[in-house]
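Heads up, the chain below is alone and in the form predicted on its own; it's given as structure tokens.
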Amino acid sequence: MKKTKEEAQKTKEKILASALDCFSTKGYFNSSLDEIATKAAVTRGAVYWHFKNKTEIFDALHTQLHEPFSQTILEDLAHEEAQPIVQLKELCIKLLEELDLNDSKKRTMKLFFECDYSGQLAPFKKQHQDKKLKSLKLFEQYFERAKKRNQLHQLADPQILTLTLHCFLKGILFEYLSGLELIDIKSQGKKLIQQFFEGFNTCHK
């Protein structure tokens, strides 16, 4: 019997979840398609039906992480608030808190944080960097809107502000995902974001 689209999607998700387990435990290069298939309780043929090879699975995991992230920002940008900086602050808090509640997302993010894009993964480095740059451009829109509303100093550079925010968030995520328990998102995430945005109270025209 031919599989329905829903069944095929469930199989694909099982394969991705199993691949994440293998990559997180053994590393990408030490994991095999046979191990991924066994963990997913599917045949190797089923894996090949969805993915050409292991690198395609790796890229699919990145897409699975990145696309919902971009979509969340786009949906938020669709609603223009009176204070874009406050809107951005609330978005950052939301993204951190949602990450803290999603173990799969945390493990996927850690996988890409630790990836050096060597060997057969090298071709994906620029592709994934380009996606990151597009996301940063979305964040930049909040600062641009704030500047147009005279809520930022006229000499403020939205691009530099975006890069500053990016580095700040990346630092939080690096420490959070390191497992050293320096940062607890539940008790500290909101406070950290609020502290960062406090500086903008003195940046108005």
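Heads up: residue numbers just count along the shown sequence, starting at 1. Because the structure is a prediction, the values reported are computed rather than measured.
The same protein also has a form predicted in complex with a further copy of the same chain, omitted here; what follows describes it.
- Remark: all three candidate residues (Cys115, Leu133 and Phe174) come within 4.5 Å of a further copy of the same chain in the predicted complex, counting heavy atoms only.
- Although the partner is absent here, Ser178 lies within 4.5 Å of a further copy of the same chain in the predicted complex, judged by heavy atoms.
- Using a 4.5 Å cutoff between non-hydrogen atoms, Leu161 counts as a contact of a further copy of the same chain in the predicted complex.
- Residue contact check for Cys167: one or more of its heavy atoms lie within 4.5 Å of a further copy of the same chain in the predicted complex.
- Taking the partner from elsewhere, Ser70 is found to have every heavy atom lying beyond 4.5 Å of a further copy of the same chain in the predicted complex.
- A single residue from the set Thr63, Asn150, Thr43, Asn30 has any heavy atom within 4.5 angstroms of a further copy of the same chain in the predicted complex; that residue is Asn30.
- Using a 4.5 Å cut-off on any heavy atom, the residues of 119-133 that reach a further copy of the same chain in the predicted complex are, in sequence order, Gly119, Lys125, Gln129, Lys132, Leu133.
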